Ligand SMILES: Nc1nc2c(ncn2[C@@H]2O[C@H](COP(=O)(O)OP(=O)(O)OP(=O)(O)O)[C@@H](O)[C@H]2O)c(=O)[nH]1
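Below sits a lone chain in structure tokens, taken as the form predicted on its own.
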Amino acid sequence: MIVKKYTAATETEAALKAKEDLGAGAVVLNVKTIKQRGIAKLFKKNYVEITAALEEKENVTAAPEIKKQPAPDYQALSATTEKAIEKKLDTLHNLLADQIKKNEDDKLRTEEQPKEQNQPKQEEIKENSNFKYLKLIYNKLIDSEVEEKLANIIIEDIDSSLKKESNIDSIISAVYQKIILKLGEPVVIDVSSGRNIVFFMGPTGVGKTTTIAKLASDFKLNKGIKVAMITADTYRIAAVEQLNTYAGILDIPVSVIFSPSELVDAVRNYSEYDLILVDTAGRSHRNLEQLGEIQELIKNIEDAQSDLKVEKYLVVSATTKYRDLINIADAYKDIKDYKLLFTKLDETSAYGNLLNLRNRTGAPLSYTTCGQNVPDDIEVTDVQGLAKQLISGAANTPLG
């Protein structure tokens, strides 16, 4: 496989350069915006760098060519992200304290009553300090788009368990632990106990196909697992072509099925593979007939009584309005034991919907994606980092 980088003013221009150099079969693997720094940004414009690849058919089975690409260091990425979030949480104490002081100073400046009448009693200060801190944290949760009812439940639970003279550190710690408990432990694909078939379902446009490619790449290149892919998304020609392209680059077999009845035969052909990833067609949550096709796909495999462990992931976008997420979850309620997989975290600055939908459905979180890069932009949901972001308010940088 030939891998090269190209730069241009726009992504389109860079892609055209890649096509001209490598040919029509070139595939864009990564897109990065390079920003000018220092004094150079006054005279030079930002530009786009893309990484493109061309599969050499005569070497398509040569595994060493694929393995030459360095695997992403997920632990290093997580450590960097954790440090940034930890720093933000560490400064939250000062942020809240400064805000309280400002509110009190503004109140003193605007009130015209005698000073002795304005001075609160020491007992009142102790009783109200918890309320002030909790109210500010509540506002942060609302800024993060945590559902109002859920935010109230969290704050009320904490308020009832606090001492009257609690300091802000203990209050933040209590809220943080409460959110961690509500988020729960992420549940991800585990091939250690046997063969798995994993269905990815959800509405159109949430990135199911790209997510499957990321997971397939990670499991094959980083974990050495034998992976196969099946797509039932024949409604979108581009989806089949996209999956075929990734399959060719990764040297992973892929099958296309046109009806639920074909799935069992396709799975039998992959009896030597440890992990089979199934891309279902994107369905509107309003179209009950189309949702029935997905249920039939899953039922056919469950009824086949094979040695495969069946897993289901509901893929949704973090940018979707909570009202629509509720409708989507309600549409899939008859499919039991699915996990939640959130995409497009890089396209929002508020992560409250991850907690909202987890709380509403009871389904465990699993993975999150943050960008289009394969296989880099996917990770197991960082519940500790997510909890810290929720307490800190709307995120300034994407989680992940």
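These numbers come from a predicted model, not from an experiment. From 1 onward, residues are counted along the sequence shown.
Although it is not shown, the form predicted together with this ligand is what the next lines describe.
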- Note on the structure: With the partner omitted here, the residue among N196, T320, S166, T210 that in the model of the complex has a heavy atom within 4.5 Å of this ligand is T210
- Would you mind picking the one in S349, Q36, Q372, T361 that has a heavy atom within 4.5 Å of this ligand in the model of the complex? Q372
- this ligand contact in the model of the complex: I155, any heavy atom under 4.5 Å: no
- Message: Test of understanding: in the model of the complex, would K339 fall inside 4.5 Å of this ligand by heavy atoms?
- Response: no
- Message: If we define contact as a non-hydrogen atom of the residue within 4.5 angstroms of the partner, is G205 a contact of this ligand in the model of the complex?
- Response: yes
- Message: Given that this ligand is not shown alongside this chain, does E145 nevertheless sit within 4.5 Å of it in the model of the complex, heavy atom to heavy atom?
- Response: no
- Message: Within 4.5 Å, heavy atoms only, one stretch in 254-262, 130-138, 174-182, 210-218 touches this ligand in the model of the complex. Which?
- Response: 210-218
